[in-house]
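As a starting point, one isolated chain is supplied in structure tokens, in the form predicted alone.
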């Protein structure tokens, strides 16, 4: 059966038609940008939203008239995605080029001033550079701990043993908890007065133990809590690769008397390598945004302040909304660079293999 060929001619760029999505995009961008510069924030917000609705309507009409019914079926999902994700992202990007505070009603265009201030302050102020260093430290420590623990758990649960099903449910439970619940739990667990950790150590030393008393203890407590929560995520990905390894490969290796180490590198690792790299990517991105556990356990004290927590304090506590938006997009740029570097290295290894 031949495909339906569209009968509606493609309109020119400046031809006024209901399905001319190119003209709708052009008009929407021009009107939105002009409204940001010339109108109050409230009016600019609604005008930009109206322009976005106009562009969406042009796409829908174009899909209907040209018989692109598949596009119409996914249009509601795309609309929700735009309203919930894309539009706030673009709005915050535009806000980073203005001087605006949430506790004030004035707004003015300042160009790249916010970005210049963020970058120069990070280079001049020792505390800002320390926040970036702490973030990198947490990324390395937490991701390393999660990869090691998750990999070992996957190796254990890849084999059948009594009560395996019930133990697997218990191991997966931390991942299902909210970060706030886990943070509150570990704050009580580390409590020097009635916490389990202090009680256990007091049995041997006879003295109260305060884990969060110094930077090393505070970092260890945060890393342990984060690894406790997200090592099961790594375990699930690795376990999916382990159970997909054909059994006959292990049987052939056993007949050839291949050592366990050689069996792992030649048979097991090629099946789980891609999933390990995927887990590494996901957990690195999440660790770079760590702020919730730091807030709940140390509130940034003892040298545990991260760049994400610094962003929260700038945007919410100090009401520097535009400066906070600039910091968030600098962080987004760093994450994109790291992600592309990771994908480049992964592709090079795949081609080499």
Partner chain sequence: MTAKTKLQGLATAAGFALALFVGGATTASAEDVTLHMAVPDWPPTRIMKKYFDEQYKPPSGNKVILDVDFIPWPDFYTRVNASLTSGEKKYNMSVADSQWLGAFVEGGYFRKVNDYIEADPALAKTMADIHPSFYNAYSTYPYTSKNIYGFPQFPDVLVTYGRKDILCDAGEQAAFLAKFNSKLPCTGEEIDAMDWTAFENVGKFFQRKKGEMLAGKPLDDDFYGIAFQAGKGYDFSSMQINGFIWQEGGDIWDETKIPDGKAEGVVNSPQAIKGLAHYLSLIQYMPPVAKTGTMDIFKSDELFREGKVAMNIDWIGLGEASLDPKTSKVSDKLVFGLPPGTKGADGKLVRWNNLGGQPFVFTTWNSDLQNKEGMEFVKWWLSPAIQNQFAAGGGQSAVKSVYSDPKYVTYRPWNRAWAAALDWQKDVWHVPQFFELLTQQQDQFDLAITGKQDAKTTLDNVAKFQQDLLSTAGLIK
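The structure presented is a predicted model; accordingly, all values stated were derived computationally and were not measured. Residue numbers count along the first chain shown, from 1.
The same protein also has a form predicted together with its partner chain, omitted here; what follows describes it.
Exactly one listed residue, out of 192, 94, 183, 217, brings a non-hydrogen atom to within 4.5 Å of its partner chain in the model of the complex: 192. In summary, among the residues 44, 327, 297, 287, the only one with a non-hydrogen atom within 4.5 Å of its partner chain in the model of the complex is 297. Here the chain stands alone, but in the model of the complex its contact with its partner chain, taken as any heavy atom within 4.5 Å, falls in 184 to 192 among 219 to 227, 107 to 115, 184 to 192, 134 to 142.
Heavy atoms of residue 313 reach within 4.5 Å of its partner chain in the model of the complex, making it an interface residue. Under a 4.5 angstroms non-hydrogen atom cutoff, its partner chain in the model of the complex lacks residue 32 among its neighbouring residues. Taking the partner from elsewhere, residue 262 is found to have every heavy atom lying beyond 4.5 Å of its partner chain in the model of the complex. Taking the partner from elsewhere, residue 40 is found to have every heavy atom lying beyond 4.5 Å of its partner chain in the model of the complex.
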